[in-house]
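One chain comes next, on its own, written as structure tokens: the form predicted alone.
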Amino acid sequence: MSSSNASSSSRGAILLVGGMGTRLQPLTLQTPKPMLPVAGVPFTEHQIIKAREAGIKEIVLATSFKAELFEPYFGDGERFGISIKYAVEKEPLGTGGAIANAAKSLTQAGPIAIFNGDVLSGHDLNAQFEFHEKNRAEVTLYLTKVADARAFGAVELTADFQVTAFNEKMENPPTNTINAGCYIFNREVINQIPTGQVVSVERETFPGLLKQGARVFGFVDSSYWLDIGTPAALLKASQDLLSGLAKSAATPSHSSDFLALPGAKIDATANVTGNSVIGADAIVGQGARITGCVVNDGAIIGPDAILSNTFVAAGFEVPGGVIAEGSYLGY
């Protein structure tokens, strides 16, 4: 057995899913951002399966906003092949505080992957772990390159990928290499984060580690990456997973350019295209045309409705003949 496989048995993970998702309103008024469906399953499921595929045996969901909605769906993780625990924040603690709070529930002693709850990525998490171990790093940030880095944390590196500066959201970033929202921490580093108080890992923990001279490295990966923080991006994530542009083992199998979940009824005269999702027990009426939409569970699309790039809320009935593009129906 290789050393990387031997050490993978002690890997743990923390998933930061406490955010309110204000940029995603109205979709998040009743549902927390990480539980919004993407390609037919809650977004968090894609990240949990990614962790499992990298050999992680145990993951803690760091919850806050609508925390009560996670456990009924994910349970103890048995049906996902990974142990799932929950760390609830009574008051939001920031990214660093959430990590410190969740780490108390982890039994694994090895390196810990930290996932932001709003990033869909195709990066090789196992390779990030191996890079972390090879460089004897204390923290390894997954980094990617973007055309415009102003909205993100821009990270400066040496030639051997050691992090020299972490610039949080600025008008003239010195590089287009950004923090892509998946970190690997050694347990000792997490133990240094104060518990029970608000701490930003981006604005406090990372700069503090650099000041201490800690071994902080950047794992640069150029595969698929998307911040799903806006409705347009959430729709794109779903479409990209169904088209195969993005890959996730959690995406349900489908044979056409749309996904129909169990119990969905699509009239023979209706036309569904553009990597749409038709939710469980939803009904698409005769002559309706659905392109690039997410129609949630139990929704009813009336006859001859024409919808494109539109979200339809669970249980909502769209009247016949409605024409909508880029809309939110029933929220």
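Heads up: residue numbers just count along the shown sequence, starting at 1. For clarity, every value in this text was computed on a predicted model and none was experimentally measured.
Not pictured, yet referred to below: the form predicted together with a small molecule.
Trainee: Looking at 142-150, 171-179, 87-95, 248-256, which stretch has residues with any non-hydrogen atom within 4.5 Å of the small molecule in the predicted complex?
Mentor: Looking at the partner contacts, the answer comes out as 87-95.
Trainee: Answer with one of T205, S121, Q128, N116: the residue that has a non-hydrogen atom within 4.5 Å of the small molecule in the predicted complex.
Mentor: Flagged contact: N116.
Trainee: V295, A62, V38, I59: which sits within 4.5 Å of the small molecule in the predicted complex by any heavy atom?
Mentor: None of the other options qualify; the answer is A62.
Trainee: So in the predicted complex, does M20 come within 4.5 Å of the small molecule, heavy atom to heavy atom?
Mentor: Yes - in the predicted complex, heavy atoms of M20 and the small molecule come within 4.5 Å of each other.
Trainee: In the predicted complex, does K33 come within 4.5 Å of the small molecule, counting heavy atoms only?
Mentor: Although the small molecule is absent here, K33 would touch it in the predicted complex, with heavy atoms inside 4.5 Å.
Trainee: Verify the contact flag for V318: yes if a non-hydrogen atom of it lies within 4.5 Å of a non-hydrogen atom of the small molecule in the predicted complex, no if not.
Mentor: No, V318 stays farther than 4.5 Å from the small molecule in the predicted complex.
Trainee: Does L307 make contact with the small molecule in the predicted complex, using a 4.5 Å heavy atom cut-off?
Mentor: No, L307 is distant from the partner.
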